[in-house]
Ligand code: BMA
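One chain follows as structure tokens, the form predicted alone.
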């Protein structure tokens, strides 16, 4: 059975109080290992009078995965179009060819929709707009691309509450063949589940770190394995959670009792899971995936 262990007793990223756009919270980051460096695209929040909970996306990098440097300015700002007027949230990034593809939540203060941006360097992003609106499924979140085509088409994970769906596309803009692949199955995810980190390819299948929420609104992380050739098929799913809120900075914050991941990195047999703690800071936990894959 896989259980993640925290790396250190403190978060790896906390808000910079002197930076206006991230002074109140940093959370829910995409994670990519590229050119021997760890890269995070993180959600940053500023609470201001009359304009609470405005989210931007910042960029951080590290040589060792623990000690990060950050840009002074965000790489993606809200307000450039009506759909994103209040925030750009919860990025998940995959590398396809020589480019990085980010799915994120566009928030206008009422509706949440899925948007796409593309970059060659993870700093300069080209917005492609909303690719999955709220008209078909209502408010939607927790979306990530798979990093390669499956059956000749692009595949996306998304979450119309309360379950995890897949969708398919020829061009990444028009999505169809939506299918529910995972529903709540255990007590710790009785209220809802949703995608966590981007799907990670292994010899055994697509590794999926996801989140579950119980009826008392406590968030935990779980793990599942999807079929390589048909990810709508769930090969296995661990009944026990792999991480729950226990540290003070996970238990108390903007939203209490939350561990929430948008990005993970597989190095050898170890999975590095970066996660938001209480919607306020970013933590890191690790575990040996063989404990799950070979169980």
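Small disclaimer: the values here were computed from a predicted structure and weren't measured. Numbering follows the first chain given and starts at 1.
As for the form predicted in complex with beta-D-mannopyranose (BMA), it is not shown, yet the points below apply to it.
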Using a 4.5 Å heavy atom cut-off, indicate which stretch of 235-243, 32-40, 56-64, 252-260 touches beta-D-mannopyranose (BMA) in the predicted bound form. 252-260
Of these, 127, 178, 141, 95, which has a heavy atom no more than 4.5 Å from beta-D-mannopyranose (BMA) in the predicted bound form? 141
Taking beta-D-mannopyranose (BMA) as it sits in the predicted bound form, is residue 44 in contact with it (heavy atom to heavy atom, 4.5 Å or less)? no
Would residue 279 count as touching beta-D-mannopyranose (BMA) in the predicted bound form under a 4.5 Å heavy atom rule? yes
Residue 27 near beta-D-mannopyranose (BMA) in the predicted bound form, any heavy atom under 4.5 Å? yes
Check whether residue 104 has any heavy atom within 4.5 Å of a heavy atom of beta-D-mannopyranose (BMA) in the predicted bound form, and answer yes or no. no
Select from 217-234 the residues with a non-hydrogen atom within 4.5 Å of beta-D-mannopyranose (BMA) in the predicted bound form and write them out in sequence order. 219
